[in-house]
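Take a look at this single chain in structure tokens; it is the form predicted on its own.
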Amino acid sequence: MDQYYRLNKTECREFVGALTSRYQVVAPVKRGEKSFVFARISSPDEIASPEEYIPTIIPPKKYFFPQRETILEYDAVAQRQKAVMEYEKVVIFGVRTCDLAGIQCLNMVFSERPRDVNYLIRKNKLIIIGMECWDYCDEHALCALMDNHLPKGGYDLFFSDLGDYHLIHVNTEVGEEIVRSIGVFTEATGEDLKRLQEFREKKRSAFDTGIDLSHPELMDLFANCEDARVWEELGERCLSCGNCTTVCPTCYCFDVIDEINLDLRTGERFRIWDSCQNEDFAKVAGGESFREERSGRQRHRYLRKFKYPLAKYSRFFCTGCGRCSRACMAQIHIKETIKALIAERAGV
């Protein structure tokens, strides 16, 4: 499946309106001055303007991997239990390439044996419509450094703004069915594809993070940094609030809790997001902790993004979205950390 279509901007409202009449649609919606969230919409007028939309506070992973999810209901007296599968068919509209990369990371993690059936069933009920960005959203983004500023699949449809129209890439049969059922598209021409290629060539030269490192150099930087002084400095600033992991599109740690009802017989088992930045996260029996100090927890978070996934998945688990930097109350910014590691390695 590798087809392209045109959608005139004057017909975008008709397309989104048709989507909302057939599916439950979520899209980036503005909240406050500069904050955005993925929320259900009923009209195209609710969608945030692409020119001002920066990554949402919480990534779209919340639809794949909910913050709280019931996985089992039980009756302790009758010794009965029933697996619970919660899911909805939802169209997620306007997903940026950094978040598409995050979803691909989660797909790999939850597809490993033993496979996470709850995640995989929910994933297959979601329709993803991506949207290309044409400039950095703000100073915290580093998607180009992570090589996530250009689309690499993981969507059903993908929109690229080429001026007076969108060029739509159809990536799946589900996407093809949407194009056919909503008759506002025309087939793309060779000239359209040429314009897309020129547009992306400009992006490659325009996206500059201010960090002059190649992928192999970044890998080497984090392969030999466990004893760096940077972690002590971050530990002194860190508040252990867990904001950075909560907003990260690739953090997937969770705790499993059994909660009994007031009848003291029935209850449910649910999983809830957890964070390696919490003090209790690495505690074991007897109260010992593998990462008692905040510096150790900060180092672990960075290595879980830039070192450990490479051996298993051959990719970074940082997508460059910049959410952790925006959400950090201590103003710990990932770009500054990388620059500090470079300076320390150079002996500065």
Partner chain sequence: MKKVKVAFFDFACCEGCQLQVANMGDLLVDLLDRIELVEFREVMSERGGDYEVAVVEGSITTHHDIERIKKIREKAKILIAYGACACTGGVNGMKNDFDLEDVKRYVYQDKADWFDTVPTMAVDQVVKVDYYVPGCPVYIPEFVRVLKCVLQGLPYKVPDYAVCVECKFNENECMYDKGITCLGPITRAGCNSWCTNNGNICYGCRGMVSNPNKNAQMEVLKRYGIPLEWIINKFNMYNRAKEIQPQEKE
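Residue numbers count along the first chain shown, from 1. Not measured: the values here are computed from a predicted model.
Just so it is clear, the following notes concern the form predicted in complex with the partner chain, a form of the same protein that is not shown.
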Tell me the stretch among 208-216, 151-159, 191-199, 232-240 that has any heavy atom within 4.5 angstroms of the partner chain in the predicted complex. 232-240
Considering only heavy atoms, tell me if Lys34 and the partner chain come within 4.5 Å of each other in the predicted complex. yes
Is it the case that Gln67, even though its partner is missing from this view, gets within 4.5 Å of the partner chain in the predicted complex, heavy atoms only? yes
According to a 4.5 angstroms non-hydrogen atom cut-off, is Asn261 in contact with the partner chain in the predicted complex? yes
Contact test in the predicted complex: Met146 vs the partner chain, heavy atoms, 4.5 Å: no
Assess the spot marked by Asp2, Phe93 and Cys98: is the partner chain within 4.5 Å of a heavy atom from every one of these residues in the predicted complex? no
Taking the partner chain in the predicted complex, which residues of 54-83 have any heavy atom within 4.5 Å of it? Ile57, Ile58, Lys62, Gln67
